[in-house]
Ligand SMILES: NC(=O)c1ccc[n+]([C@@H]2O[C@H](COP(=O)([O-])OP(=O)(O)OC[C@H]3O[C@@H](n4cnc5c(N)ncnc54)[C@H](O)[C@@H]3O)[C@@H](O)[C@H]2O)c1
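Just the one chain here, laid out as structure tokens, in the form predicted alone.
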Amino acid sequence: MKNILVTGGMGFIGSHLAEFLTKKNYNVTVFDRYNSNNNWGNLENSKYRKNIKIIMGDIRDYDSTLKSLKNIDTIFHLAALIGIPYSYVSPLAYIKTNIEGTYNILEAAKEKNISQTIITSTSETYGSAIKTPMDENHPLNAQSPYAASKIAADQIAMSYYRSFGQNIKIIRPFNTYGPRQSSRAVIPTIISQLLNKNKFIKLGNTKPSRDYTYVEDLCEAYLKLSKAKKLTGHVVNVGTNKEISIKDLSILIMKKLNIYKKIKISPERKRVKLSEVNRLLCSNKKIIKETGWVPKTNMQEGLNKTINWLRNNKNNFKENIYNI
């Protein structure tokens, strides 16, 4: 593994992964959506920008996807629509990007005889926990169009492993957080609202609990998974095996900032009842056993890094009516 393509490499996780792999002396190419301003998203001001090759195209377009694979031997596929609320508005957009986009990567990888392809899944494919901690055999239950699109993408990927003998691995991260994450997600939306001048913060349902992994730890998991030959054809969870409710998370962040505001439950931020995923708690035994990966960053340290980044970039954050 020398020449790596990261699809969605200008996004939150993708940009961290592209930089992480570059620091490890891999030749990294990023494939992300074309824009007329030639803006590189989260890589625009990266100190590794000169060392990363950028290809602008569209994961939904087979031709540009195929061309992006020139001289590539490993693919980390992260390109996707990820905002759950918008999946209620336009399920078709998720079908085209998450399902057809994954098909394009798989078919192009087959055409180019790529050594291995790592597909990015999500813990949302499990739905609310039936048993905890949730291992890779936990039943799949799509509680949103987003989750349904990711289940479909995962199944198509496994079909390419079984039908065509492709080296496919599926990484299934639980919730991820860290610098550069948009206010779509709950941790930056809590921090940014505490830092603004409003007297309260708006959240949706504060009862659900999640398992949060710091983004740099997830990058390490990607790399270790890519080196684990015996995990070909496997789904692998990545998480900390620890959970915290949205309410307790809010209180923790308030204590860190020494800023205390009333939480106002905003109906437009809440999911439909049957769509709400109430609990996600990762069993990470498989990745620990097979690769030796362990999360190195505890939540206290990870939140400190995230808060520091947000303090320095708070002007980039606009109030967003959604959080997950």
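This one's a predicted model, so the numbers in the text were calculated from it and none came from an experiment. The first residue of the sequence shown is number 1, and the count goes up from there.
Just so it is clear, the following notes concern the form predicted together with the ligand, a form of the same protein that is not shown.
Enquirer: Using 4.5 Å between non-hydrogen atoms, is residue 302 touching the ligand in the predicted complex?
Expert: Residue-level check for residue 302: no, no contact with the ligand.
Enquirer: Would residue 110 count as a contact of the ligand in the predicted complex, using a 4.5 angstroms cut-off between non-hydrogen atoms?
Expert: Flag for residue 110 set to no.
Enquirer: Taking the ligand as it sits in the predicted complex, is residue 175 in contact with it (heavy atom to heavy atom, 4.5 Å or less)?
Expert: Output for residue 175 is yes: heavy atoms within 4.5 Å of the ligand.
Enquirer: Indicate whether residue 143 is a 4.5 Å heavy atom neighbour of the ligand in the predicted complex.
Expert: Although the ligand is absent here, residue 143 would stay clear of it in the predicted complex, with no heavy atoms inside 4.5 Å.
Enquirer: Among the candidate residues 33, 256, 286, 53, which is the single one with a non-hydrogen atom no more than 4.5 Å from the ligand in the predicted complex?
Expert: For this set of options, the contacting one is 33.
Enquirer: Name the single residue among 242, 202, 184, 247 that comes within 4.5 Å of the ligand in the predicted complex, judging by heavy atoms.
Expert: It is 184 that has a heavy atom within 4.5 Å of the partner.
Enquirer: Choose one stretch from 202 to 210, 158 to 166, 80 to 88, 224 to 232: the one whose residues place a heavy atom within 4.5 angstroms of the ligand in the predicted complex.
Expert: Heavy-atom contact with the partner occurs in 80 to 88.
Enquirer: Given the ligand in the predicted complex, answer whether the residues 27, 118 and 219 all have a heavy atom inside 4.5 Å of it.
Expert: So, no: the whole triplet misses the ligand.
Enquirer: Enumerate the residues of 1 to 29 that have a non-hydrogen atom within 4.5 Å of the ligand in the predicted complex, in sequence order, or give none.
Expert: If the 4.5 Å heavy-atom criterion is applied to the ligand in the predicted complex, 1 to 29 yields 8, 10, 11, 12, 13, 14.
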